[in-house]
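First, one chain by itself: the form predicted alone, in structure tokens.
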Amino acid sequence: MKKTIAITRGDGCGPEVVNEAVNILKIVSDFTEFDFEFIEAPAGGEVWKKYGTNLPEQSFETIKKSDALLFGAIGLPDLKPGIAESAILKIRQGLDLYVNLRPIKLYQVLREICPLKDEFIGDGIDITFVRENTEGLYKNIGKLEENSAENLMLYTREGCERIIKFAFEFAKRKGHNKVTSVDKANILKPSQLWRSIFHEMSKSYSKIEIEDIYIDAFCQWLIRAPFKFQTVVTGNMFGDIISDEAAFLIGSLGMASSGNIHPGKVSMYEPIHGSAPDIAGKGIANPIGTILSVKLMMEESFNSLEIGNEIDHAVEAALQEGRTVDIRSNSLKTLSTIEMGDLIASKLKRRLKA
């Protein structure tokens, strides 16, 4: 079970949180049948400053030859927007990572810091956003001129069909009984194509309930009744925005993980937060989103639900003893990035030994 994992540490707080996630992978390697080898694949703003490219060819070749990629946040405040960040699009497009999987789960122990009233939390928040990841506005087809700018929102039948099929199959795999589609079909033609394909494909999944919600309405329902949603499938830009909104409900952006996935091929796993240059080097960044991205890696790339569950339980157990500043509790010790990572690592080691 030897696997090669490419590591892109990134900019800002990226290296700090990636270090803690690598430690988790090392524990998995030490106490299970997996044997991980780590290979560096530098990318991002600091790399651009040094080499004049945000994704060196050697890094991309390393990524393509690996079994999975663990990716830290990228972006620097002294670079123009997109100079560093476009490396992510290059990887998504270059590897055809058409699924962006973003689980949003409120741990019971963090219910106290959720900004919603208890009645709006209901039985709990456990939503998985299935975001189309290679089309739409983020395909970045357009131009910027002095007095105007444009981007093409491109949806293709193939692109819609494969992400919607993934969402239904994911719902079946997780035992979900409903799939929610989010679009803007009352205005946008791409959304009209999306909705028609969603309904066509739903006929093959008669045991799963479906619903359509416009993006603006969904944003308020995500606050009013998040407990009603299970699997949510949507386009690229909409998915980016609503999953970030949802992350605030579970504590902070630092809690949220993601997988950029092409089933059966090299996939990339990263937290959804940015490089946070304002806190870089202070040792206060939350590593949990990155650690939970390792959980996704184990489940989606390495087909190990068992180890994914063990990581999940380790995170939950650690949260009962200490927290980073973004999810702090007056009754618990506030931990540094390393301390939080070490606490989770110790919980996981104990579970895997058992």
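A residue's number is simply how far along the shown sequence it sits, counting from 1. Given the structure is predicted, the values throughout are model-derived calculations rather than measurements.
A second form of this protein, the form predicted together with a small molecule, is not displayed here; the remarks below concern that form.
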In the model of the complex, do Arg195, Phe198 and Ile210 all reach within 4.5 Å of the small molecule through at least one heavy atom apiece? no
Any non-hydrogen atom of Asp126 within 4.5 angstroms of the small molecule in the model of the complex: no
Is Asp183 near the small molecule? Define near as a heavy atom within 4.5 Å, in the model of the complex. no
Evaluate Ile104 for contact with the small molecule in the model of the complex, applying a 4.5 angstroms cut-off between non-hydrogen atoms, and reply yes or no. no
Would you check, heavy atoms only and a 4.5 Å threshold, whether Phe229 touches the small molecule in the model of the complex? no
Using heavy atoms only and a 4.5 Å cut-off, determine which of Ile164, Ile88, Ala171, Leu222 is in contact with the small molecule in the model of the complex. Ile88
Contact with the small molecule in the model of the complex, heavy atom within 4.5 Å, among Tyr138, Tyr155, Phe238, Tyr269 goes to Tyr138
Where, among 155 to 163, 107 to 115, 171 to 179, 130 to 138, do residues come within 4.5 Å of the small molecule in the model of the complex by heavy atom distance? 130 to 138
